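Take a look at this single chain, the form predicted alone, given in structure tokens.
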């Protein structure tokens, strides 16, 4: 059962300004924050994931307040910009690493891992070393590794930034298909307007107040979901 992600009254001092956020992302929605570097997009993802504390405010998943839960108990998938794959493991071993750490039996975790590699169109590379993969293939491994843990939310930090436009287009389609199979709230950071046009159903608004003292992320009340 999927749940809505709520970010309520978040307030995080960063250097000489303050990041504030107040929005929600529902089940099956793909939200994104589009903006220039240095305005707090990645910081916001890290706060939601539990990798950084908020200065104030709360984060909820459905009816559960997860603000003070440690990252490992939140069940939030995080796809990093550099993939962070383990070079000494093959593709399948990378994908199922979290399941292995959770004590899932080998046969079960490999079956689940192969299912997700099929969804990201990479099953034929299951036993390949990650060093032999292209940039786009490595990113698909990172997608499968996040999905295989059955996350309650998926966060993506500029997942296409190092790829050319043809590969980006293919990965957007793969991500849409994978999300349809596990439609949890998804939130991504991007500098690319095409990501918003082709992938995102909820573009979150970013507002910088006069003087640059506060930068706020919010969702307009009643904003309709894009198709």
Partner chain sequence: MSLTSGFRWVATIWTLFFGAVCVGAPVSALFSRLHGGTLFDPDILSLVRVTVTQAGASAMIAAVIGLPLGLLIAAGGAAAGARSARAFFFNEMLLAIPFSVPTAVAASSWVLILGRNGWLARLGIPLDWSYSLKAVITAHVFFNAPWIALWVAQARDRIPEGRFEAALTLGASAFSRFRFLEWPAVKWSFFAAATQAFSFCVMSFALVLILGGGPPVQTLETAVYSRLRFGTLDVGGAAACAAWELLVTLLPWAAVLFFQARDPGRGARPARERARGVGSFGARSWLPGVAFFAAAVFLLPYLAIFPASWRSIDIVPWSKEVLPAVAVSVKIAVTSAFFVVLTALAAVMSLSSPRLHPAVTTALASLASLSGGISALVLGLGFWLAFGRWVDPFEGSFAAIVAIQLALFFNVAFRIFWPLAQEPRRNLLEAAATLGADPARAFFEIEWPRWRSSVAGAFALVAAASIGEVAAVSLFYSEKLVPLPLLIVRWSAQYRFEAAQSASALLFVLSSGTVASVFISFHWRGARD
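Positions refer to the first chain, counted from 1. So that the term is clear: the rigid core is the largest set of C-alpha atoms that superpose within 1.5 Å between two forms. Computed from a predicted structure; not experimentally measured.
The following text describes the form predicted in complex with its partner chain, which does not appear among the structures shown.
**Student:** Any of the heavy atoms of residue 46 lying within 4.5 Å of its partner chain in the predicted bound form?
**Tutor:** Taking the distances in the predicted bound form, the answer for residue 46 is yes, it comes within 4.5 Å of its partner chain.
**Student:** Quick check on residue 136: any heavy atom within 4.5 Å of its partner chain in the predicted bound form?
**Tutor:** Result no; residue 136 lies far from its partner chain in the predicted bound form.
**Student:** Considering non-hydrogen atoms and a 4.5 Å limit, does its partner chain approach residue 26 in the predicted bound form?
**Tutor:** No, no contact at 4.5 Å.
**Student:** Quick one: does residue 140 come within 4.5 Å of its partner chain in the predicted bound form, counting heavy atoms only?
**Tutor:** The answer is no: residue 140 has no heavy atom within 4.5 Å of its partner chain.
**Student:** Quick check for you: of 165 to 173, 180 to 188, 26 to 34, 49 to 57, which stretch puts a non-hydrogen atom within 4.5 Å of its partner chain in the predicted bound form?
**Tutor:** Going through the listed ranges, the match is 49 to 57.
**Student:** Its partner chain is absent from this chain, but in the predicted bound form, do 118, 126 and 156 each have a non-hydrogen atom within 4.5 Å of it?
**Tutor:** Verified in the predicted bound form; spot residues all out of contact, no.
**Student:** Within 67 to 90, which residues have a heavy atom closer than or equal to 4.5 Å from its partner chain in the predicted bound form?
**Tutor:** Contacting residues: 71, 72, 76, 78, 80, 82, 84, 85, 86, 87, 88, 89.
**Student:** Spell out whether the Cα of residue 129 moves at least 2 Å between the shown form and the other one when the two forms are superposed on their rigid core.
**Tutor:** The answer is yes; the displacement is at least 2 Å.
**Student:** Examine residue 71 after superposing the rigid core and state whether its CA is displaced by 2 Å or more between the shown form and the other one.
**Tutor:** Comparing forms between the shown form and the other one, the residue 71 CA shifts below 2 Å.
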